[in-house]
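Next up is one chain by itself, shown in structure tokens, the form predicted alone.
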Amino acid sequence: MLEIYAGLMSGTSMDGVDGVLLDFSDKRPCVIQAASLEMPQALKAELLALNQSGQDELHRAALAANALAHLYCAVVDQMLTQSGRTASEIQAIGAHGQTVRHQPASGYTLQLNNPALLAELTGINVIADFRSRCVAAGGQGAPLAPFFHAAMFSRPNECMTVLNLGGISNLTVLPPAEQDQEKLLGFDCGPGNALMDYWCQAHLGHAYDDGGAWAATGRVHDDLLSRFLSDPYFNLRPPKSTGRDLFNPTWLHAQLAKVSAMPIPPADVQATLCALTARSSASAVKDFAPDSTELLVCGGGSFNLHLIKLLQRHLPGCVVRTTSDRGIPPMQVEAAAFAWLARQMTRRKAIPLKSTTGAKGSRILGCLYPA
């Protein structure tokens, strides 16, 4: 008998919404349908603007949340149509929402969403607000995907790692499957695609650097890379998390202003930003998983071939491959994680947060909005 949950994810890159239908009827969950819809430019611009204080922001945030719920509904409708399933066959939707502020040190993290509206539109139970209970328990609230990574990718007698290259890069360290999963480790390494996407759009008018082709034409500016890596965030010990609150265009231009009186060629800046993501991610693997034999990469950055080559160069003793080689395409992993988390909440299963987010202990994550 099928047991189907939906997962929805719109990440820090804000390029679109990814959705999956995940079937739990077998021992290993299986994606039976996936869909993606591009983020409308007006909504993306508003969500980016809402990352900072602005005029009438509470009203604007509420309207953006409503628009996002309608986009989420469209993804769910597309998956139901393509799979031939009905809403009554879906146990619940795990909807992460769109992070616009992430301030765990101040006791909050904010994901715009209107789960009540999504439940009304779809006629399906919705599980949302996964992060706030973790923050209330003294944790970072992120990352949460490592628990799904452990369920899907852990292997016997082998330490391995999973790197999600979204707008922010985050690393999961998976101990051998037979070991205590309380030893699971996950944290944000630093910027992923967010700064590269910004720079590419500003100078080429493209949403992203396709395949890393532009970065590959530039030369890494050593002084600029050193300036990037001198940010205190990179020396923090896990648990730690970050977002656009830190790694944003203001941060980038501040670093550029400190390095050279002469403008650095834009292609060289792009090459250096790519090197920053590769270096910070690889350093995290070396520091916290020196025995890792495999690095599985997911997220939009997995399609940046130049970045993947840099990661492999920095990690010669570790095979770098995408999660497709382990059964889940890179753009489905995060959405699948929130389908998995929705099921955990429905079954009232607590998540062991201490080693990953720094929360006081295990907590049930998410709030239910019944259909």
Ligand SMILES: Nc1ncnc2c1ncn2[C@@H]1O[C@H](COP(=O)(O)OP(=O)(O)O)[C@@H](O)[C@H]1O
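None of these values were measured; they are calculated from a predicted model. Residues carry their position along the shown sequence, with the first being 1.
This protein has a second form, the form predicted in complex with this ligand, left out of what is shown; the following refers to that one.
Student: Evaluate residue 13 for contact with this ligand in the model of the complex, applying a 4.5 angstroms cut-off between non-hydrogen atoms, and reply yes or no.
Tutor: Residue 13: contacts this ligand in the model of the complex.
Student: Tell me, yes or no, whether residue 301 is in contact with this ligand in the model of the complex, where a contact means a heavy atom of each within 4.5 Å.
Tutor: So residue 301 counts as contacting this ligand.
Student: Heavy atom to heavy atom, is residue 167 within 4.5 Å of this ligand in the model of the complex?
Tutor: Result yes; residue 167 sits at the interface with this ligand in the model of the complex.
Student: Answer with yes or no whether residue 153 is in contact with this ligand in the model of the complex, where contact means some heavy atom within 4.5 Å.
Tutor: Outside the cut-off, so no.
Student: Which one of 34, 47, 331, 308 is close to this ligand in the model of the complex, taking close to mean a heavy atom within 4.5 Å?
Tutor: By the 4.5 Å heavy-atom cutoff, the listed residue in contact is 331.
Student: Of 210, 268, 158, 223, which residue is found within 4.5 angstroms of this ligand in the model of the complex when only non-hydrogen atoms are counted?
Tutor: For this set of options, the contacting one is 210.
Student: Looking at heavy atoms inside 4.5 Å, which stretch does this ligand contact in the model of the complex, given the options 85 to 93, 119 to 127, 192 to 200, 287 to 295?
Tutor: Of the options, only 192 to 200 has residues within 4.5 Å of the partner.
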